[in-house]
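One chain is shown next in structure tokens, namely the form predicted alone.
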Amino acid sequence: MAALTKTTIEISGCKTTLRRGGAGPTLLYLHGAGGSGNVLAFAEKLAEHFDVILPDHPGFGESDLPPWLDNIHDAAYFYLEFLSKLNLRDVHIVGSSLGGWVALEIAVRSTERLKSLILSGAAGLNCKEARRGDIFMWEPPQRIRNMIVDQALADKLLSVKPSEEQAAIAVKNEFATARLAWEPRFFDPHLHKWLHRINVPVQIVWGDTDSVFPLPFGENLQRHIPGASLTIIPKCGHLPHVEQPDRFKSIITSFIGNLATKGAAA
């Protein structure tokens, strides 16, 4: 696996920690509510194929909590400035859960610097056909068990005691998530009206046993984005990058590789 190097940049007065490594097409990974910690190993796998950028969202991990961060729209505008500050173009965004929602909010505003979206268990839309799980109401051990189908893997994850620093970051992530997604719970009631503006290829990825956002949420998202594809990963919960990393990586590399082939043939 390719190691990622940690750096800090300042954007809109927010000191932002990011990790970057690898070579190839640019891939910006937007993490979920749990932070970048559970993504790092998977991001290093992706760095074997891509120039991977893994930031801590404002308010999460080692990044500052800026006074202007009040809602998901603030996060989207932050990342538009992030893309401009780093002069990134033709960017493939992979967004998991909360990060998928941020990716959607970015894309309805501007796809000028984007090449594609890969959305894994993305929040952002309401779905009357199914009931979402409420992560704010689950105790941390139960949250892990509810997100993972393979309970042996859940046992392994729960056997690792977090350090004091990791525990503090977990509390910080929880607070920032509440700022972005408390009310309404993990969706923007106006987002569905503007998803037709997304004019780059979109690959949606969903675990078949996702208990946070059950599969009908993924199907609903696909209906709202013109031309979007939906790939369902069997025996997988809400965290494909943790539970089925090889399968998820294959989906990402194939999707982006196919786009490159089509672009070369055009």
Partner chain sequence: MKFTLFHLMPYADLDLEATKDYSTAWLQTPNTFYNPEKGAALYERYLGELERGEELGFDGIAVNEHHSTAYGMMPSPIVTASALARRTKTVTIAILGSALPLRGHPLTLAEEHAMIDTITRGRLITGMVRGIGAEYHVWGVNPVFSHERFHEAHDLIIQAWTEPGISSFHGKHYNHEYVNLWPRPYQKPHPPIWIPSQGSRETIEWAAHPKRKYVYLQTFSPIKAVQKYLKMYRDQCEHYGYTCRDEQLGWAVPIYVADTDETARKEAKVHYENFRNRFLKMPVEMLLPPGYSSVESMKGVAATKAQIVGDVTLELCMDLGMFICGSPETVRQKLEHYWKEMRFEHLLSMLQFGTLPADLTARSMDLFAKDVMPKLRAVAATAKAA
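Positions refer to the first chain, counted from 1. Keep in mind the model is a prediction, meaning the values are calculated, not measured.
What comes next is about the form predicted in complex with its partner chain, which is not displayed.
At a distance threshold of 4.5 angstroms between non-hydrogen atoms, residue 208 is out of contact with its partner chain in the model of the complex.
In the model of the complex, its partner chain sits beyond 4.5 Å of every heavy atom of residue 162. Contact check for residue 187: no non-hydrogen atom falls within 4.5 Å of its partner chain in the model of the complex.
Put simply, residue 152 is far from its partner chain in the model of the complex: not one heavy atom of it is within 4.5 Å. Listed residues 192, 113, 145, 179 were compared with its partner chain in the model of the complex; 179 is the one with a heavy atom within 4.5 Å. From the list 167-175, 152-160, 88-96, 104-112, the contact stretch for its partner chain in the model of the complex under a 4.5 Å heavy atom rule is 167-175. In sequence order, 134, 136, 137, 138, 139, 140 are the residues of 130-146 having a heavy atom within 4.5 Å of its partner chain in the model of the complex; the partner itself is omitted from this view.
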